[in-house]
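Just one chain follows, in the form predicted on its own, and it is written as structure tokens.
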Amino acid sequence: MVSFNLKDIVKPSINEIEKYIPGESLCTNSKEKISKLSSNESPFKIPRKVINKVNSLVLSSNLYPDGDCNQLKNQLVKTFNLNFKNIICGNGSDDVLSVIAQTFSKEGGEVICSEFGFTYYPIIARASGCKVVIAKSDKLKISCDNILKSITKLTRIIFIANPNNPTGTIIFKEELLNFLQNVPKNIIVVLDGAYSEFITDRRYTDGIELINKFPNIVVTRTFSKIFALAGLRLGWAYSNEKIIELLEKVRGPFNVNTLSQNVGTLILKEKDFLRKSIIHNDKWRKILPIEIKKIGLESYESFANFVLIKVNEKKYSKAKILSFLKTKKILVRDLSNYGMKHFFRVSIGSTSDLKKFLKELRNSINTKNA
């Protein structure tokens, strides 16, 4: 067999990619329940009546799904008061984000990402042949000023998660408007609103209302968080019609399966489910930082469905705390691969899981090993 060097046939930017590391899962044969608080998943199961309505769809798996997701788009229009032609759907919002990068990047171009931002943005930027420019955060918050200072003639796309993952910080509408007014219109600004449904603060905007004013922005959303469909992989984006037409050319054919389209359509109608999720999240995102600080660790206000925690390594060992929690079948997210070596993140799970987490976190601090 003739040998060859893969580096000779792969874009140089591909070699710079660090594989995405998801929140940890624990495989075990034990009947003991695992408290998975590592991936920002919903603590609630979708309503039984939704499941009952789609059970028969498995029998039609021999047929391709609706490639244009018409039923789902129509429900998105009704739920969020949108324009049908301004929507694209995807196999999770990460699918849509990847399509955006493919469509608007250019070999040798630049993509701006924020420090301490979602690690998938640099991956899709480099996969598209772009150089990744990291704009320094203002402590843990996305710095709009530093992003603006990072713009050059080569800048193609700016990725912003609002609220930001994994810090839970937010950019309010007034600051966002000022930022967008100063971004050149030939640069695509992606506003990733994966956690936007959790926010009740009126100072916030997910960006959808700004589409007509700023033709260069794309708002992405997901069904994985508040709508509890992480396992079905479903997301969507909203932008002006011309941008959506381009994205539709690039996306994969039949990229959203039949089951996901139908369950997504139905879950959007479940207003009580949505209300329950928001109330539960609001309660615990306020409780957790207070209780964590009482235990002796630092924690921060969050606008998402997780809370950021910092360990003072002069007092405690983060590695030992996480190891202790794991022995108690509690999984949280170590943020070392985000460049945050003293931090970890805990999802807002069920009440029972969070009470267990606080109890065992306290125990981890009180042990001599911590």
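Throughout, we count residues from 1 along the sequence that is shown. Bear in mind that the values here come from a model prediction, so they are computed numbers and not experimental data.
Just so it is clear, the following notes concern the form predicted in complex with a small molecule, a form of the same protein that is not shown.
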Worksheet, complete the sentence: Among Asn281, Ser239, Asn165, Ser260, just one has a heavy atom within 4.5 Å of the small molecule in the model of the complex, namely Asn165
Worksheet entry | Selected contact from Leu97, Ile88, Cys130, Ile112, since only one has a non-hydrogen atom within 4.5 angstroms of the small molecule in the model of the complex | Leu97
Fill in: Partner-facing stretch of 224-232, 252-260, 130-138, 70-78, counted where any non-hydrogen atom is within 4.5 angstroms of the small molecule in the model of the complex
224-232
Practice prompt. Tell me whether Phe159, Phe179 and Asn216, taken together, all sit within 4.5 Å of the small molecule in the model of the complex, counting heavy atoms only.
Written response: no
Discussion item. If we define contact as a non-hydrogen atom of the residue within 4.5 angstroms of the partner, is Tyr195 a contact of the small molecule in the model of the complex?
Written reply: yes
Practice prompt. Consider Phe116 of the chain shown here, and say whether it contacts the small molecule in the model of the complex, taking contact as heavy atoms within 4.5 Å.
Written response: no
Practice prompt. With heavy atoms only and a cut-off of 4.5 Å, decide whether Gly92 touches the small molecule in the model of the complex.
Written response: yes
